[in-house]
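So this first bit is one chain, no partners, the form predicted on its own, shown in structure tokens.
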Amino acid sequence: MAEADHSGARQRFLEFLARKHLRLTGPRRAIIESVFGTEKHFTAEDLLKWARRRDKSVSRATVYRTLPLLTESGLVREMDFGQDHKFYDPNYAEHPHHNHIICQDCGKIVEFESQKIAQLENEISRRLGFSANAHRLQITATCEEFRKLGVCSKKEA
């Protein structure tokens, strides 16, 4: 798991928990440290595995009760990439207007930002009488390795 410095988001989430009068237990702390210690998109099962490395007492139920709090806080975004499970984006707090390219062969998720997309979004919104608050752009593609070789070595068997 890549280490990330989301200390500002981590602190805002701790303040969110305090406003809701929720305790910061050891398992919840392990979950929070796992979420704000990565830049990778993750599933609930990924989070459970990562958090258990920090605290073996983390339960699946605690993970599933904490994920809605993370999304409610606005610091993590739930993403549907057309698979049988949701992904969670820990980079949303620092970069709320980023977009995603998802490899349909290996599942790799790449984030990107584009000023041109933001300009187009604003232009279209104004023309139609709206003011854009947020957007989600998700591109499904085939990775370069698959395009060149006809197979992707990162694809799970």
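If you're wondering where the values come from, they're calculated on a predicted model, not measured in any experiment. The first residue of the sequence shown is number 1, and the count goes up from there. What we label the rigid core is the largest C-alpha set whose atoms superpose within 1.5 Å from one form to the other.
Not on display, but discussed next: the form predicted together with another copy of the chain.
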{"property": "Interface segment, criterion being heavy atoms within 4.5 Å of another copy of the chain in the model of the complex, picked from 29-37, 128-136, 56-64, 42-50", "result": "128-136"}
{"property": "Close approach of T140 to another copy of the chain in the model of the complex, 4.5 Å, heavy atom", "result": "yes"}
{"property": "Contact label in the model of the complex: E72 to another copy of the chain, heavy atom within 4.5 Å", "result": "no"}
{"property": "Partner proximity in the model of the complex: E144 to another copy of the chain, non-hydrogen atom cutoff 4.5 Å", "result": "yes"}
{"property": "Within 4.5 Å of another copy of the chain in the model of the complex: residues from 97-118 (heavy atom criterion)", "result": "I101, C103, Q104, V110, F112, S114, K116, I117"}
{"property": "Rigid core fit then I139 CA moved by 2 Å or more between this form and the one not shown", "result": "no"}
{"property": "Core superposition between this form and the one not shown, C-alpha change of S59 at least 2 Å", "result": "no"}
